[in-house]
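Only one chain is given next, in structure tokens, and it is the form predicted on its own.
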């Protein structure tokens, strides 16, 4: 039971929310219950940190690797629940359904990081995805009702397409090996990768994970979904699912010794195109959620750069980078949710004079964007530095140069937002009231961003132990 404690807690949370919705409880009651349940879920992930074992006929593995990602997910979920508790952009009567979908999606993602069998991976991925398909159109914005519906439809259609590709890949592998278990496939993959059909199967399976991580060319849904979904929903989509996608990529890539020339070339191409497309597109955005969406595509390219070294150090640095990225993104979305009084989208120009309206939020935004840009001493700088060093050691000199160019591009548009936030507005605007719990949360995120940047060795050492547990 302890092995499955986080997942059981999430199931229980879903049931509680379901019965609360039947009793027509008020939105404040639902909010308080959801935050309490979020804290319990995070506590359950911490409680199960040292658990190890196999479940469900060895198709579900609980180890340090999966438990680490569950802790990260549980923490990110609690943060999203805390700063998105107002749910201003959702109708009050659907708040219980929103929380129910949120918990079910996290349940699917936690199951995903423990799955070591292809069908279990598929079921967990779909459980998570279907909940998010429902969450995206949930928005009380009657003036742009069709727009959010369009975002939901796009997310659904592209998701179904990615799922189809992944299923094709799984069926090919089953045909080649007669098994759907990853520990059986790992023995076959090194020899199978010499066959074109195995390479195609691997690429098709990776399509499903690339979709979650928004890697080029599976990024089409990002800007519209980020813009069309509620701010709270976007903050969730931009963080927690990316953890699961990287976890699954790590599980699979650690099995492929040396990677093979085809696999390395594929990752290099996807990495370069993701970085350039994401950064160049982010340059011209006016909606800050769209800008963060495109920058997320570029950051996913950086994560791939860490993965393609096919070495434990590179994998550990990729884990460190994605954990830091989630914290940096949460800090930015905390500001967005606080500035959007009625849950509306926030344009970059709306942040003009933010330092006068709320110095606290302005500093939070500054640190979040500085870290995303890769400016020292924050975690974003150390993450990029480690990944570039790994790539240089593997003689990917051209790739390092291209990544450095992309970092320069990113610095320009991130600092443009900081400049706007610290410029004086033409007209005096009302100050933004920041509740005490939001200030505490903001301080916590800033401390983590700074702490991971100044003391990276502890985090890297833990990440290496985590990766070692699956190699």
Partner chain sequence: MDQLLTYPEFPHLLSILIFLPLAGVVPLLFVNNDLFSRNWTLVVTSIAALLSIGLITGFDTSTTRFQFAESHSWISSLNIHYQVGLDGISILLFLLTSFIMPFCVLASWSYIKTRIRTFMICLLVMETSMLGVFAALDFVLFYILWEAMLIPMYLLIGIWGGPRKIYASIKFFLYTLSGSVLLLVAIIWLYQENGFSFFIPEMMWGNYSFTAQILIFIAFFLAFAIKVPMFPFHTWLPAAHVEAPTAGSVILASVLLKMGTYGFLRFALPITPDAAIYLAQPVLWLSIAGIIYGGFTALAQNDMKKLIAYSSVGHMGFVTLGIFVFNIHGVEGAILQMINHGVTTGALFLCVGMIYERTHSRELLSATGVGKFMPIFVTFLAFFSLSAFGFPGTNGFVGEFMILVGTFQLDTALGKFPYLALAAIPGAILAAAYMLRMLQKVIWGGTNNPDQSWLKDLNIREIVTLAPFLFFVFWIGLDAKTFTNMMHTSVIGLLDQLHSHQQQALTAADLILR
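Positions refer to the first chain, counted from 1. Computed from a predicted structure; not experimentally measured.
Unshown form predicted in complex with its partner chain; subsequent notes refer to it.
Not one of 185, 262 and 276 comes within 4.5 Å of its partner chain in the predicted complex, counting any heavy atom. With a 4.5 Å cutoff on heavy atoms, residue 397 counts as touching its partner chain in the predicted complex. Proximity of residue 401 to its partner chain in the predicted complex falls within the 4.5 Å heavy atom cutoff. Residue contact check for residue 378: one or more of its heavy atoms lie within 4.5 Å of its partner chain in the predicted complex.
Its partner chain is not drawn, but in the predicted complex it has no heavy atom within 4.5 Å of residue 91. Among the residues 408, 49, 443, 35, the one placing a heavy atom within 4.5 Å of its partner chain in the predicted complex is 408. Just one of 122, 355, 133, 172 comes within 4.5 Å of its partner chain in the predicted complex, counting any heavy atom, and that one is 355.
Only one of 27 to 35, 41 to 49, 408 to 416, 429 to 437 lies within 4.5 Å of its partner chain in the predicted complex by heavy atoms, and it is 408 to 416. Residues of 380 to 394 that come within 4.5 Å of its partner chain in the predicted complex, judged by any heavy atom, are 381, 382, 385, 386, 388, 389, 392, 393 in sequence order.
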